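Coming up are structure 1 and structure 2: the same protein chain in two forms, each one given alone as structure tokens.
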Structure 1
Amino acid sequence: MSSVRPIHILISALLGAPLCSATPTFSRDVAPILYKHCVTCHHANDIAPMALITYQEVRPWAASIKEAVLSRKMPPWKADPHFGKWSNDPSLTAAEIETLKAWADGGKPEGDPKDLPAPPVFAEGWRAGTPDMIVPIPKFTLSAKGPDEYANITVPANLTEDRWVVSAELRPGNRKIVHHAHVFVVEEDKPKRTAKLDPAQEYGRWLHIKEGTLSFIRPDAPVINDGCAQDDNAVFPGVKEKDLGSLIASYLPGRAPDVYPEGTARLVPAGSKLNFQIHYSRATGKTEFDETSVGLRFAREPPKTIARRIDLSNHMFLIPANDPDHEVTECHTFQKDMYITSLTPHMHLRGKSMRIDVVYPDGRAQTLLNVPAYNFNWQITYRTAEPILIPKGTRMKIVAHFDNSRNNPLNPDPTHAVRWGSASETEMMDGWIEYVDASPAASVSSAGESARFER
């Protein structure tokens, strides 16, 4: 008898697929894949349009599931696999994709219900677990007509003692109208600075236009697309630091709740307030109501180190009309040792791609993250599988490309040049960076200090 195995068996072994030719069943083969990769969003009362827990829920969607996984549309993940390793990567293996395809093509059998693993249990409406405290906004009314509205709503946190937060989850009260939102900690008792602004700061404020709750740069402001001509070249003039230590949670399309790395936390001081910044969309064309809230989970003991965040931004760019591939950069050299725990590219509707590179003090260059097909509808935070050491003197370069042409289906108007602004119809170019200091003991002892944008 020949010892040569048939080629289909060899291929199955290489793919890690089962050697039997039986059609996969939902209970034995499909459910474990969905429970591992999909149901975090696809369960009742969450962001996905349908639940995928039971056989009865999944069977009608079999063909759509097959198409979505074969095209890699689902689960959503935009990072180039050649750069970085990420703890929240939901991507399916080739064997898992083949299993879902074979099940959809093979009659979609349920199989023996005894083979079904225990379905995941989700806290009602909360993806990060049941909160220790829920802080809502007062009921908000959005009128039927007009442009999108950007609301700033501040409410008391009602804390009588300092608390360390290990996760903060923003939950829209009305998903039909809440496009995105952020929550900041506001310490009202902090003394306000009275020192006179220097000329650069005065100029920066003059460039920065406020219209209600929206912010824009003046259309005639100087144009700086190359933010790497020198470090921090394209932030607003006169900016000395970028305090983002007070941002504790964001809700964005495709973004998971803010769960800070194990052993870290963020401080919410006693007596502080929470400021909700919410973008409301008038997509329904009728009067709507919202009671968005944030759920906080507290550490049971003081953290080993403080979870921090900074933004690296270009504010001075100009994207020409009809330009399909406009490049904007920004660079920054870090002045302390740190560990990066997550990276988030942030652009608006014309965002096309973003790459984040570093050059270490010894001259080594490395790409930390590459997102070649950015999509405003999937603003993903990429959480490192292992913290990335960034020694003092490391220079980071962010390279973004924008598509302001009619070939971009999200583009609201390719005939106009676009500049920085907080509205979705304008643009942003940010790299959001979560990190911890490389000296944990010093980090916790300086709990009252904010995360600074070093210069």
Structure 2
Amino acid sequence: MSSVRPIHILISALLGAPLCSATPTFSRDVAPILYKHCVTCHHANDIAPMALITYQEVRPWAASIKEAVLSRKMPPWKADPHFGKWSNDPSLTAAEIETLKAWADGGKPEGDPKDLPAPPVFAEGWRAGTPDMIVPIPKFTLSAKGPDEYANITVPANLTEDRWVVSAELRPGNRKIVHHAHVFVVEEDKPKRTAKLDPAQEYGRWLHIKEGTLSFIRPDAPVINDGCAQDDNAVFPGVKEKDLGSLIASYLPGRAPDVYPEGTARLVPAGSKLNFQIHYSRATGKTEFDETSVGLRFAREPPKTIARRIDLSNHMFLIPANDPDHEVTECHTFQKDMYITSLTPHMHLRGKSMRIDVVYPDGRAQTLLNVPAYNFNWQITYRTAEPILIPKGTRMKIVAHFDNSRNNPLNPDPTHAVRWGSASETEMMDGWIEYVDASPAASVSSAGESARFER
């Protein structure tokens, strides 16, 4: 009997020849996956370090690609798959991962170039479609030396009538230096608000120190790590702040352009200005120039409802030196029926994890989003596959953890306690929530007074 076995092996080795041709080829099997999931970043002049389009470009990366997809490092996506369904989830299926692995392990064959899918086309710059209006900043010069710079640049939008905007795409002029950026609408000729601040707003102003374009919490401000133990309808614990302005577009690593949900729009009133807040990094060590711009697309007809946003934050925490797992919370009870359309956790370099839970008025609890391994370099907006109904009285709890230990490779300094601030070396604890009102008619007619807690 034992003599049978070698023959058996021999036969299967011979049968191995046809099996070989079942090895995935670049042209037929690998390219379609890369074109669908990878090349938006992995092409010339975009954020990824190498292009992954042609066989010649991809072949040397086969082993790293296998590694990156098996570990789910690529494509970047941080949401725990157990909670929520997301329309922009780029994750590969198990079968796609298996194909990339089998190709890397199977000699990386090119296959027949006739099998290649049509080459990907990259819209010349504007990913959300050709804008109706482009508003650039004046040319900005970043000198070679110094710490990172946070520029605050306000330019007129030059609108003579109110406009409903359906998408606002922030396009960095010089990707080597623009780390991230935001654009806010600033309404003109609003009477100065300084006159009538209530005591809570006065207190909020006192808490914040401005240094040039940066702001920080006072070092002697009270420490509140458990924001949920406080008044949970403030912008941050203990403080009511008015008119935060209106953030219409963000550019962050890994973030798609701001396209508001179908049928919704944001108002940019006539005479508005646009305020660009840009974090410039001096990574190149040379004098650099930038002309960042925002491209707006206008609604062809009035929207059914307004795309809104609320930022829930805790500004009062203190993360002790060397603490590997410091918890900070913030809670909010919603005062109207609404639909959540996206969630964006925002922390800085010590951000470790964030979880967003709700308890509905009927007592049912649900985890909307869990990001167990947050990374500052991938600030992803999680767009819901279906809008999530949030009935009035629903309480949201955001739980963040920070790693201020030396084991956090991004940590600029584990030896100091860290508090709130706009610089990356300080910290933030924010959940940005995009939503629409559940009663659309009311929401459009109240457009003018939308800004109390929204930006």
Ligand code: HEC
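Numbering runs along the sequence of structure 1, starting at 1. Remember, predicted model here, so these are calculated numbers, not experimental data. Each form is matched to the other, and the largest set of C-alpha atoms that superpose within 1.5 Å is called the rigid core.
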Task: Structure corresponding to the form predicted alone - done: 1
Task: Cα displacement of Pro76 between structures 1 and 2 reaching 2 Å, rigid core superposed - done: no
TODO: Determine whether the C-alpha of His179 shifts by 2 Å or more between structures 1 and 2 once the rigid core is superposed.
DONE: no
Open item on the list: After superposing the rigid core, is the C-alpha displacement of Asn411 2 Å or more between structures 1 and 2?
Closed with: no
Open item on the list: Rigid core superposed: how many angstrom does the CA of Asp112 shift between structures 1 and 2?
Closed with: 4.3
Open item on the list: Give the rigid core superposed Cα shift of Ser64 between structures 1 and 2, in Å, rounded to one decimal.
Closed with: 3.1
